[in-house]
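Below: one protein chain in two forms, given as structure tokens, structure 1 then structure 2.
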Structure 1
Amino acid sequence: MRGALGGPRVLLRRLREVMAEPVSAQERLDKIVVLIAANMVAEVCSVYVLRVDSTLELYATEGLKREAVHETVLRQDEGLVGLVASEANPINLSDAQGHPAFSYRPETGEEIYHSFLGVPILRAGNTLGVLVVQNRARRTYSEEEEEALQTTAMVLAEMIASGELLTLAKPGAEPAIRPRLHLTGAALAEGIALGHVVLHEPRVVVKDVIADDLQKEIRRLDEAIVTLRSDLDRMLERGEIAEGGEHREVLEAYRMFAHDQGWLHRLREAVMTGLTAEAAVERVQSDTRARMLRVTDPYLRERLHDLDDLGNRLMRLLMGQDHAPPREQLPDNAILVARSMGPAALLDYDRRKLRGLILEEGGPTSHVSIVARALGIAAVGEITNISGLVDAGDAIIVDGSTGDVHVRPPADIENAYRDRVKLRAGRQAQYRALRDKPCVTKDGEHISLMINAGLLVDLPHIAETGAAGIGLFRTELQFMIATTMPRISEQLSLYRAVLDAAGDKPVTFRTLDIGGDKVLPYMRQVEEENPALGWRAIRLGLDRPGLMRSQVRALLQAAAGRWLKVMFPMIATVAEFDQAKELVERELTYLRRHRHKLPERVEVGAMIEVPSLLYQLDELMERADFLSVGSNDLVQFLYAADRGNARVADRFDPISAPVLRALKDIIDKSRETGTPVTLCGELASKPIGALVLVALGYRSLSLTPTALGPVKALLLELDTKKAAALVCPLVEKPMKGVAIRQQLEAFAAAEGLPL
């Protein structure tokens, strides 16, 4: 091959003419392969299209045997063509037959061709097919030729995406432009939602791919880059946050890329091949996205995502589109799809229409998951490239209990999910019917069921669930979802709203539990080897008392004339508790001296989360007005197993002798001393957990709001004496070879308890 005749620009111009001709899809494809082969002086040019059944079908060829068209079908892992498709990367070989992946199909007659250049046909980072040129002579195609073929593939991508080829396909073997997909990620927030995709950051669809006037396109690109840079400078100066709700660091990464010479060079080069400025951005972006799918290093992925976002911004500037996607006009049953999202951005959407959320990133402890749970929307995370795989308006199902996502589901899957939704709704109605029923067990024991909360959006849950109060108000959530440190006045108004919503039901506020996995984006982070065991919660509060003092002051003022319960997280020694209590007393004295109205009563408590407290229970109960067991952390520290690390988090069962013995010691001591104890970790939110806790003697539990119904339904049917008679001896002397959980399940089945 002697090099491209007339270069890619001439080819693109000719392709545009062919695209405009009123001919059939097959004729158009046939003309395109002839044009490409002639322009690139190749003896063969073939187009393979990826089908919904994940195979690659030969749709057109110049040079191979014509009879093979629509007959040759390759698996996605078959041959060099399969390799180009599965890796979404070009392959350029002077001796294709010497490559281990080479596979010979006699019907094509390709054995006489030695050199091979195949490029993926990409759109939004997804492979739609493969474009190949071949020559008899053994030669390596130049980098320019590879670039030119990739540019040409963009035109084919538009043609495939337009649906024009559907007329050529056999049923069940259509081009995979809009395939049905079943994906599985991490379950973030309970619930099942059926609806339609709304893209958090809508993709920009480029219509004009081929440039009329290259100099004009270069000028447009340069001007857009200047605007992009000055927009970013302005946002950074004003301290604005990025459109996804991300923070300063992201904007700084954007700015760095906007000045990156390598990126700018690639964009200009793409224009010079004959593309419009926006198509050039898309072309470079396709490479970035394809790389993103292959990179596993989280830091690098993050940077590639930033670069991708920046490409979107640039494309919108070029196409004169507004930055902010419309958030008000959500369709009913909206399922939001985003690469990543800050909690504040999620709160911007109309909650009444939002049913589900799917993210490419975000684990169960991410802030956006916490907000999704508070809003009661089903959410799934860790679905790779979901924002590239779906289009706005696509039908989609999210199962937040299992982590399953079905894109464009077939009717039978949709019907099965509709049935499950009906079943759940029926169950919810049963739970609602229990709302006003006092929680008294079959043998007459009163159990106080409260809810855990932390945001304004949680407050309606008190009335909806009929909870006895808020057993744990996580004050750090307000800090975690904010973009700057909440002022005292903002804290005060949240605490007032919480107390107002609770009316005469008690609320236990926990002072700031930050550090560990709870990071504040605007606070300087201290690098620590083991943040969970580091400078966090009360440790940070006592060492930097300014923050804690102002919070306690806001709490005391909010509770003027009312009852205030406040507790401290991660207490490890009674001395820490004494110090924290003293801080509260000092604030009370201050307010008294300044003639502020004081709370009618202030109770001060500690969370039992650190195992060292198990050996200080006597001293602690002498000092504290109440205690609350944080079983999430207590179990994490007892078993030395990170609660956020999926590899070890499920390795140890909290319903096991060591944990239950610790929990029993606490409740026994509480009965002896008369110090009230609540348990507010996740253990109480599972019916089987609540069962074992009540059997051990716990009479006060604080749960995730959605768990209140199922737990109450179980407790109403429970005979606590029978449960205690089973559990207490087992905890003292577990049976060999049979897990306590198993025995509890058998007990529940025998008693007809709904687990």
Structure 2
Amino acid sequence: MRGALGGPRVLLRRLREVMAEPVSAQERLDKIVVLIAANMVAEVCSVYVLRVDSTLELYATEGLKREAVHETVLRQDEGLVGLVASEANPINLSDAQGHPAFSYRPETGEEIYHSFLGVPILRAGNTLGVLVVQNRARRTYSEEEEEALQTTAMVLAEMIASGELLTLAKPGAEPAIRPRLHLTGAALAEGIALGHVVLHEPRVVVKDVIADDLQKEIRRLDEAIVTLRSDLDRMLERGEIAEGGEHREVLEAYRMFAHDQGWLHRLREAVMTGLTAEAAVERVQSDTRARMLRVTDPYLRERLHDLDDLGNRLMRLLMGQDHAPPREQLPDNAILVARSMGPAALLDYDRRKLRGLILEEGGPTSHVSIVARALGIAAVGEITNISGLVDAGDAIIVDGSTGDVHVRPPADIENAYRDRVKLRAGRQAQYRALRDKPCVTKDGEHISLMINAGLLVDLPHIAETGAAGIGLFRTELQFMIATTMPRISEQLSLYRAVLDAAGDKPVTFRTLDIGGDKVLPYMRQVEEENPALGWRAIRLGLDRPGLMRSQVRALLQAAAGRWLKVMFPMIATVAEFDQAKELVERELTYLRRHRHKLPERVEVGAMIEVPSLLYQLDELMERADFLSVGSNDLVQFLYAADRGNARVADRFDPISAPVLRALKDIIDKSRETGTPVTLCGELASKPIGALVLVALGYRSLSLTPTALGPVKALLLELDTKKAAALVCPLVEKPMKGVAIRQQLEAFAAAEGLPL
């Protein structure tokens, strides 16, 4: 820096004094720009603040014309200042006017200044404004000067974030510290929730920014880094799992970053500019986040999350805070916001107070989404940087039906959603009134509506919805939320509780569907090129017979004296089904030999998810007691479109001729052989999906508990003969240029069916 020796530190101390003075916001800003200009021997220092309308307003200046303050407004794509804001990167030029982005604003009088240094004012990686210094002489500012200006910008960031500048703003042009946002992501769990933000991993708020003793801060930083490294080493040595379900590979990545010399060098450099150790971590973290949020490479974006987590851990160590947030302090109407979550973490929260969930990651078929639907909370995923855009306590609306999220909504939006909640509550009351009414269509067809489940929290839904039973019990969820492998006694206890809750209603247990994207935290993960098509489900079970036999034994013992239905997932060949069925027979023989009480009746079935089974239906139906169609995976594999990949998940419609032809072949074969078939994928959980399935001939559906009411309401009004007369010809010969879904929607409208 060209000022006096120790210039940055002197400047920070003087800024701290100015921040403590009892003056107006404008006076404080005016003093700050004078101080910065004098300390940097700059002829101009200006502060631009980002407004809620996405423009940049000149809030203070030393050197430019004073009458331009609050009058000069730039778009984010206008001028060098706009370029700094949009790219969140410093710009250092010896001849600003020669740059193609230079924008001449005559009211400022800046045409006589040539050198330009602008840095973004950042907080949590979000741009709040731009800080600029200029000189008449053509010169390039040094790295030390650039570093000092970035450090100074942190002080301005806290001033803007505090809301102090709101008194200077015109209505509609307030600083964008708490902007109203309308964001759209992936709908994960239906429902509408109005409430207040709770951050799953609350951001550390650094209150003491300016250091008194630099050597002390360096020592604090070094000690915290040593502690961080030793903590990670201990976790790896003991095989522990960190908060949020991080696996060993993640901890290894953390350890690698914790030893990265470039990262440590940047932290120490930030301290040497005059910041406290925790402020230095926040500064480096915010700069890195701002740059990497603009990167499209998914691998690099994932590394940002690792660095974020590591930086948060380090700041908590420096400030003596626990890593885990206090779950017991959950407010009423809580909307949980997280980068990502495992199902176990979600279940840690008080269900009575939790209304909604918003994730940066996670699609509709992710495991946490399944749990969210089981809990009956509205959920939306794939909202980029949501944890950096909100603060704890912010008012927020989650629409799990459309994927819309409204942050700090205006009164009219809030009122509209309150009306929708009332309307939805009225509909739910109507659905509850249908609970005990048999599901019989207008033309007398009986449809069995069952629910999908997987946890104890699902069990009350059987009585609440009037379901005919559980058509799919996902046994892997118990394994996924546990920190260690569930013992046979624990499995037996769960399965017995499920059967007790169902009473005389049937329950179909699916054996472990793990592997691929369903990684158990206590099992070694196998790296695969394409895990969805890899070592998972029945393939893993047959290769690990001890694991599968213990589960089957627990199921058989839990069902003593009762009816047990067991089905195997991801069967690709009849030979696999034969092997799995033989394993059940061996366990029955074992229990007989040891004089255990056996189930009164055992039925063994398979899930049709892999397209190869479509060409083995005759052989399969000879062997299986029943079949279940898993439409989620069947559609995924038919179209070779990963349902967890947002770019292709919605590319193909499950209500289309190829899928419906496959589904029709299955139900036609089942009628010929008398083999019962249930469809238990997400297709059945939408009224329009249920309509087309019943039209094809399906008479047993298993769906999400919250979907049972809407689907039942439609089926009670449906004439299946009319629906079949429309659908079956369309499946055989689709109309060119008109989607089957559109024709079904038109049919429903004409028939007055509630979609």
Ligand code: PEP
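We call the rigid core the largest set of C-alpha positions that still match within 1.5 Å between the two forms. Here the structure is a predicted model, which is why all the values come from computation and not from measurement. Just so we're on the same page, residue numbers count up from 1 along structure 1's sequence.
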* Structure fact -> Shown alone, the chain in the form predicted on its own appears as structure 2
* Rigid-body rotation of the smaller part against the larger between structure 1 and structure 2, in degrees? -> 8
* To do: Give the C-alpha shift of residue 661 between structure 1 and structure 2, in Å, after superposing the two forms on their rigid core.
  => 4.3
